[in-house]
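Two forms of a single protein chain come next, each set out by itself as structure tokens; they are called structure 1 and structure 2.
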Structure 1
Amino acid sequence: MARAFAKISFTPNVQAVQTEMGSRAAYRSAELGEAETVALGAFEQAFIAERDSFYQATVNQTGWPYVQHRGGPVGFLKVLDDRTIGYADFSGNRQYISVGNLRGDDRVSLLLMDYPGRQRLKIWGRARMVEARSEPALLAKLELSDFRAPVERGIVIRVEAFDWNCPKYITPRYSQREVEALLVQAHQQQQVAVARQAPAVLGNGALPLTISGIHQLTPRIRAYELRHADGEPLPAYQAGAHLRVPIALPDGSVTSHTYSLTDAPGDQDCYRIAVLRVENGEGGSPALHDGWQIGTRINVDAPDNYFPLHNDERPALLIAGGIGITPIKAMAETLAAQGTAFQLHYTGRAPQDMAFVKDLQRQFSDRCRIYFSQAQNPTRLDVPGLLGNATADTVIYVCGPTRLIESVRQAARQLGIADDRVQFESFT
């Protein structure tokens, strides 16, 4: 306790009661203590800035105290410097009791409550009124830019003393804003708890898989290796196939999403997929990225295929955009292994955002062209030119953004290429 507060509050009558009740000696030593703490410290200033209300007592001409509740948006009571606080006086019921009292006696006593934190700060000071006419700059400091109530004047208080009270008998109470924040917090905690309770093995498929490897291919794309949980050989698939996998969402529900197998068939030990993290969606891919660890167990159905490769000698033109490279990579590897002629054209924003670029360049340097739409020197895929130069028996495969698929289909139509020579798969 600081002497400044004691000097104001420990009047002779108060001291007499302290003496009667046996607490005078303890308070006397506080009065004689060293610190004359009047300047508001960082803690007091932060406390004041977080308040959305306070109680203010003034003294009237007949000596009666008058306590008034003042409310506003959080921070409406402003710290102007370490000895001065102030607030904008919004128009109210037009009784002007506090303002009238201040004309005769500038002394105020403030009580600032933090009910949830069970803290209270008492402030004593001398108040003066600030009018727009005479002190517009100071009044502007007290106003709140996003609060539209009409300001009649400002009240600026020179702090003469303050004191913190003990939390005893302060009942925790919560404003609507605080309740809403607590509800959000509780909801998040519940989601985490539900996610933790998610079943150890997701999915009802007959094929038990374990995540056995995870590789970060680009900042947003992760590759996953999946093996048979019991070490058995995996069912065979053809290039263009996909797996439907179960994913636990943060709200505790389970969804399932489809991911193309990225490698040429032949490895009976391992399936590989690559998953792009899509923000602002239903959250399946972020939940997969965040939830799948080495050892995660899922049950799936055997791979399915809506985007199969032709199985004859005709050459292929493979076109991929972004994450659409996943089935196209499996196709290129298959065609290369079969000895079938093909060309691969892969377009994306920039090399660092595109999965498998180095791998593809290394494997198929003579048959692979990469395009970067957002590189320093952008390179663009000329779809009509590409299709126009293809031989009449070439089968065209395209996977990627809807715009890319549509541009290939449109160019094919314009060039008179039969629909069955244009195969496409859309991820959306």
Structure 2
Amino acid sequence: MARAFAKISFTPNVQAVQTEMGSRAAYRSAELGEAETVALGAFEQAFIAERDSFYQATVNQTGWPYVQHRGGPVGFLKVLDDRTIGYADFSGNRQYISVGNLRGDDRVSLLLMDYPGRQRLKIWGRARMVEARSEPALLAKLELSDFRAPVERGIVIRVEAFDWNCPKYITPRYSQREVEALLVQAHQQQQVAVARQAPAVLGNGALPLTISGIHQLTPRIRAYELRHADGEPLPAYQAGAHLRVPIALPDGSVTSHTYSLTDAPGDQDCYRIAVLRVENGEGGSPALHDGWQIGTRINVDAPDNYFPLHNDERPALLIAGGIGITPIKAMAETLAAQGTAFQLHYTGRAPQDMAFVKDLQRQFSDRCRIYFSQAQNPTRLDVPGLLGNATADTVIYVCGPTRLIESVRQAARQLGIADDRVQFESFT
């Protein structure tokens, strides 16, 4: 939790209530330490750019708060730099309450919602108005070339603090565009299911499983929940473990592929895997996406582990690329539960392509860094810098594309890091 947020929000009255309700000790640490430089990270910037609305609060001359909904096309709230955001103020009902309030008090509070993803970002800042006659170039940056609503002015906000909320009590809601996309996807899946008659039970392993849940994490990644077909406890596993599963191919043959278990061990009721659909790959992921349905039965062997996590108190450096986040996520959750120090660095093309990115940012905000190579403002993973700053006893884990793994191994060799401190698993 950012110190700037606590400084603004935890007033004496708030602190008194926290003390009365027993939460003061938990939040006290947020007020301590050195003052940080408030800057929107790549994750926050991408989240802001994806929004098509937000709520803005101002305060009037008599002290009353006023909350206004602001809406527009996706991306109308723009990130100008890592401490500045802004938007074009479209003509509305001409009450000018927010504009009038800002003339007397420049403080604003914004609430940005992602209802399908059950995420919310709170932003505090100081706002100023941008007029065409005095700052035409800046106002032009805020305008949208393909949106015809008349623009009366611009609003530029200097960010003073921000904070993420937990997903509790956020009801998922979907726009018309999102519902239409889901309906098309469901129709396609139904057609495939009708056209293909897979075997009643796939595989010949000793462990019978049933697909009990399917979640679309990104347009190309699905998470699957697997439970014992007879309701029995599942065999235990350790972080880094994988499951080899059978897949029915379109020609009627059955192949198999391994997928990492994505959750920290401990839940003996459910295994969870995440599968990236690769159209021209050799693993059969399109057939798995098209063929696996709720209730599909498979017989597998117990989980195996070629990428185990160390079991002592040494700190860990976790590096994941793309779908390679799957075992790394389980490791991060395990290390956090054990109280072991770690840092997680997760790189991918863009937020919408990356599984678990929002959950990881929420769970490990102070230990997780996200990189987007193809975002509006790309951020790159500095492998030599990461390894060079690691302590001499840090164990390094990397999972992802071969190029990422080779860059980590090469940097480790150049820095004189012993091979046994660099553990890797390749995902192609």
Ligand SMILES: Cc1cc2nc3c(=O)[nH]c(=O)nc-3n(C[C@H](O)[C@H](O)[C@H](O)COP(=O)(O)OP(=O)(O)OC[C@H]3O[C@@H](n4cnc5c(N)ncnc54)[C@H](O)[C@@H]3O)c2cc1C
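In this text, all values refer to a predicted model and were calculated from it rather than measured experimentally. The term rigid core refers to the maximal set of C-alpha atoms that superpose within 1.5 Å between the two forms. Reference numbering: structure 1, starting with residue 1.
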(message) Looking for the form predicted in complex with the named molecule among these two structures; is it 1 or 2?
(response) 1
(message) Superposing on the rigid core, is the Cα displacement of residue 100 between structures 1 and 2 2 Å or more?
(response) yes
(message) If I superpose the two forms on their rigid core, does the C-alpha of residue 358 end up displaced by 2 Å or more between structures 1 and 2?
(response) no
(message) Could you check, with the core superposed, whether the Cα atom of residue 395 shifts 2 Å or more between structures 1 and 2?
(response) no
(request) Mind pulling the C-alpha shift for residue 87 between structures 1 and 2, with the rigid core superposed, in Å? (result) 61.3
